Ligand SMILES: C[S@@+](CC[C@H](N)C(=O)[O-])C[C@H]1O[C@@H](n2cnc3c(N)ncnc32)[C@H](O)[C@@H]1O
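So this first bit is one chain, no partners, the form predicted on its own, shown in structure tokens.
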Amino acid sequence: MEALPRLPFATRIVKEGLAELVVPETGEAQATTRLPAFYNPLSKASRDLAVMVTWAYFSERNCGSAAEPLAGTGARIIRLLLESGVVSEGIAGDISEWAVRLIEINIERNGLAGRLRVKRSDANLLLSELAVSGRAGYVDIDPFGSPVRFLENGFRATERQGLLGSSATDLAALSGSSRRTAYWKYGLTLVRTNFYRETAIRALAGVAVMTASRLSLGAEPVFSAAYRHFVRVFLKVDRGKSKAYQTRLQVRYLIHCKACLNTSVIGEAQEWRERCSVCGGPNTLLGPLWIGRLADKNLVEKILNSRFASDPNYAEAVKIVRAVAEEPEDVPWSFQLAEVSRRARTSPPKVMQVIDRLREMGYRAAPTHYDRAAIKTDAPSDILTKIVKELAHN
């Protein structure tokens, strides 16, 4: 193995996918912004998803170029070039001097000289330059925290019928745990619910769709997931006012009752009802959120029938994709079985028992990808509570 380069900080070599990467050494379990260049080993599943989704989306045509303006050590974009088979060239950017140096080292180490350029630049400046000089087929925005300040220029830098991938790690804001942060950073009215991970996904997707619509762009999620410390959404980008209008129509609000867990969709905030129509308890308002589908079933099936599905290197990410494939695509909430059981004043039954009973009654139901003890179903909350009580007495 090639010796480590001489740098004024400790480094190590990691193997991820087909890439061999020089990254900063850290004694901490999770990477922090204190590192000379950012690399988080816990985000491997996020990078796996980027490779698989990009391949599936562009499998019938070449992506051309990819851009990552917050590249860190270059792990994601290097893997896209090595593993997706659809990305011909790319540009990686970072504001950190040492990140740029490590990207240069990793480009040489992985034989990508001539295919991958690197530039030391502010992320928004790099994206703005791409919007003028030549848009990319795929743009990936993977910040530490919120992506909101990069989304507009990210969409500007994405070509028509291209793909934009975005992550967020500030889950306290997106899930409603930090209501003030959700409001001032994202412009959202949120509270924490029993389906807070679903809220986080749909909050990020909704903000992205609204950002695109202001630019007369239609952005529609083709794959979305919440896993560990991150939420990730991939959106196909199209141009035109009608596309922008149609996608914007699917950004709406939810009314949620914490007493009985009843949840419903409304179009505008002024349609909010103070009292729950089921139990009479106080309602809370969530939104605006994306309430349309979170994944394109054809794209998901393509991944599950691909070489990635049997590759052990992708096993963690494939498990996420497989779980997403089972979920009802038009239900923008879920139920934690423990919460339903607590309200029913009984111990939780087995998840699959509840799901089987719901299906027998004609409802759609499946465990969620983000919590296998939570159920996504089109059944009303009172039906779910009734089933839990019945199973407890059997």
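Predicted model only: the values in this text are computed from it and were never measured. For every residue, the number given is its place in the sequence shown, counted from 1.
Another form, the form predicted in complex with this ligand, is not on view; read the next lines as being about it.
From the list 354-362, 65-73, 329-337, 52-60, the contact stretch for this ligand in the predicted bound form under a 4.5 Å heavy atom rule is 65-73. For the options Ser177, Ser128, Asn110, Ser121, the one in contact with this ligand in the predicted bound form, meaning a heavy atom within 4.5 Å, is Ser121. Residue Phe150 is the only one of Tyr253, Phe230, Phe150, Phe223 with a heavy atom lying within 4.5 Å of this ligand in the predicted bound form. Taken together, Glu198, Arg248 and Pro288 are entirely out of contact with this ligand in the predicted bound form: none brings a heavy atom within 4.5 Å.
Taking the partner from the other structure, this ligand in the predicted bound form has no heavy atom within 4.5 Å of any heavy atom of Thr189. Interface membership of Ser306, defined by any non-hydrogen atom within 4.5 Å of this ligand in the predicted bound form, is ruled out.
A residue is said to contact a partner when one of its heavy atoms sits within 4.5 Å of a partner heavy atom; Asn313 fails this definition for this ligand in the predicted bound form, lying far away.
None of the heavy atoms of His369 is located within 4.5 Å of this ligand in the predicted bound form.
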